[in-house]
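Here we start with a single chain on its own, the form predicted alone, put down as structure tokens.
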């Protein structure tokens, strides 16, 4: 890779400034804060901007490029597919059929059917349609802080104010309950003594709010957009047991957490979960637009021809890319690498936290973590201004990070899974310099 050096000039560079001025004139300015630079090209974990500066990418393009930027085998598969067939709606194609087979083979054995779409929102919307058709009921439990997309039902299922606020009424039928955000527990409990109090709260919530038409539950293995919030060990298994006792459909949203991100191919493997429906996106295409809904045959019973559809879903172009991604991950043992390099990153970040005035919490698994910044570790008051400073100074020193969280005070750590030890240590050194200089 070669050593990442400090950026030549203060960001943004002259060419970035030129393009950002055009962007401000013509593009809708609706996305979140990012460091002031314009990407030009990338390879592996290294991004180069239009001014010739190089950075280690800790975002994976928002948890997408799991096999690294522009992996040669993926690029070749895309190029070859583009010469044959770009889209084919409804008719089967060899790439789609073979991808369905591979997805069934790599997911836990109870999931025996695959349906392909375009985005994570498409997958979660499709899952909720299946839940309602299968049960004949319409209420779905979802969680504070959840993010399942920005389309109608996905937005309604979500529990983030920024996604819901200002857009009018949401779709009825969603019952929201607390997610175990232990660093900011709404019950003011302590994780070592609470006995998973938030699970007990489910019964009270359902008793008070359900109309008697409870159909299912949708949950993320960890909440990415809310601030990379990881539940305590055992929580998801206990939640699944509760779901089964209520005879509900269990939907697991693995759009962010799948394809090796947590150190397992799928996050559900950590606790042996057996959801009825699993939503998959982002890493499956490693930059190409494709998502999937994995399901049991039983839960699909009752669906008729045309009940689910997607104009570009399962295109031979995107399916060829996804097949290449699976092959790359298995050949290069990227899941194992995510666990190995992830352990280095997790330990390094916790060491930085011990010496930082403002880094209040580090939480994560494998090659994904959230760094929550506070003005004071005792009061835990969120520090969004400090978070913005970290993003800017990290980029200035050669690492690209992003901001998430319900309070705008969490840094996203999610490098491509091809990161090696040298790149891990180099980026940690940069982030230590930035954070401890605050």
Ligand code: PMP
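What you see is a predicted model; the values in this text were computed from it and never measured. Numbering follows the first chain given and starts at 1.
One more form of this protein, predicted together with the named molecule, exists but is not displayed; see below.
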**Message:** With a cut-off of 4.5 Å between heavy atoms, is residue 147 one of the residues that contacts the named molecule in the predicted bound form?
**Reply:** yes
**Request:** Flag residue 158 as yes or no: does it have a non-hydrogen atom within 4.5 angstroms of any non-hydrogen atom of the named molecule in the predicted bound form?
**Result:** no
**Message:** If we define contact as a non-hydrogen atom of the residue within 4.5 angstroms of the partner, is residue 120 a contact of the named molecule in the predicted bound form?
**Reply:** yes
**Prompt:** Could you tell me if residue 359 has a non-hydrogen atom within 4.5 Å of the named molecule in the predicted bound form?
**Reply:** no
**Options 345-353, 189-197, 147-155, 167-175; stretch whose heavy atom lies within 4.5 Å of the named molecule in the predicted bound form** = 147-155
**Prompt:** Since exactly one of 262, 315, 142, 256 fits, which has a heavy atom within 4.5 Å of the named molecule in the predicted bound form?
**Reply:** 256
**Message:** If the cut-off is 4.5 angstroms on heavy atoms, which of these, 365, 225, 107, 337, is the one near the named molecule in the predicted bound form?
**Reply:** 225
**Prompt:** Can you name the residues of 270-288 that have a heavy atom within 4.5 Å of the named molecule in the predicted bound form?
**Reply:** 282
